[in-house]
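Starting off, we have a lone chain in the form predicted alone, written out as structure tokens.
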């Protein structure tokens, strides 16, 4: 019998760590009040318990998900783990408990509050990833393409396949300042690593010339009589403009503001086929 416990789990932030929290929940027959990162501030109401990431426990839970809920549910859980949904860990724990109880039908239980929240969060993740595939602007320095983003969700694992297929023979780096991580690619070897501090290289004359040409092209193709700033804001949200060449000040790199960074074990976020 499962019992709502007055304990908070703490884990290392990795997907395997979360699976170990699920293992602990079933092993102790309890549902934690919350699941927090190791570095999160201590709570006042509940006692903490640190859940150590153990590969064998994580693998047991990972293998059980497609068996009990189907492969679509496993894909959905991986996607949901990348979202910025508050308390996503405990929400995923509740989702998996529903999945073990109801099987693949869990993905159709849209009236359930937990399922509904996670569905909305995954749609937000997919939309942000889709937008960034078009909004990322690369600069080139020493034959390396570099770009920066500030994403709400952890989008780099979703962007990896797109840009690796698009630039298979190039070397490039996409730095996510929000999460302190970077996608680094050299031919046929993608890797996502934790990067706490990194600044865009200084642009040389050739790069500055191309930026100027790009801004000229952007300004030239606009039909002035149909200028519609509201429509542009809808299709191209303003929070992405900071790192887009056509909106950056001339002779300068995109403006930078260092926000709070969340250190993560980013390497573990790569899809198994690319790890």
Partner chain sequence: MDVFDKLKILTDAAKYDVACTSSGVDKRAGAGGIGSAAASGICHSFSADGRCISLLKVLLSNACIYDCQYCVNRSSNETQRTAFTPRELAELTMNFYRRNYIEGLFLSSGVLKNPDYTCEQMIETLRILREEYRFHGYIHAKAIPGADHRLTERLGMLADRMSINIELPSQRSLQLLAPDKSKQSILAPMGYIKQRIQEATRDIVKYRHAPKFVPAGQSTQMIIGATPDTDFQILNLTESLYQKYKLKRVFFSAYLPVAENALLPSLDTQPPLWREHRLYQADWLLRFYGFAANELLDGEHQSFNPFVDPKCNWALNHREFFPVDVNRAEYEALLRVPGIGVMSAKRIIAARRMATLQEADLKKLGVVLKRAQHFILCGGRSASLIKCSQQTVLRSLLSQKTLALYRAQGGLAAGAEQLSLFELPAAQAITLLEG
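Since we're looking at a predicted model, the values are computed, not measured. Residue numbers count along the first chain shown, from 1.
In what follows, reference is made to the form predicted together with its partner chain, a form of this protein that is not presented.
Looking at its partner chain in the predicted bound form, residues 125, 179 and 197 place no heavy atom within 4.5 Å of it. The partner is not drawn, yet in the predicted bound form one stretch among 46-54, 66-74, 237-245, 26-34 has residues with heavy atoms inside 4.5 Å of its partner chain: 237-245. Proximity to its partner chain in the predicted bound form, defined as a heavy atom within 4.5 Å, singles out one entry of 82, 158, 136, 173, which is 136. When contacts are judged by a 4.5 Å heavy atom cut-off, residue 116 counts as touching its partner chain in the predicted bound form.
In the predicted bound form, its partner chain sits within 4.5 Å of a heavy atom of residue 166. Contact between residue 130 and its partner chain in the predicted bound form is found at the 4.5 Å heavy atom cutoff. Using a 4.5 angstroms limit between non-hydrogen atoms, residue 212 touches its partner chain in the predicted bound form. Taking its partner chain as it sits in the predicted bound form, the stretch 210-243 comes within 4.5 angstroms of it through a non-hydrogen atom at 210, 211, 212, 213, 214, 216, 217, 218, 220, 221, 222, 223, 225, 226, 227, 228, 229, 231, 232, 235, 236.
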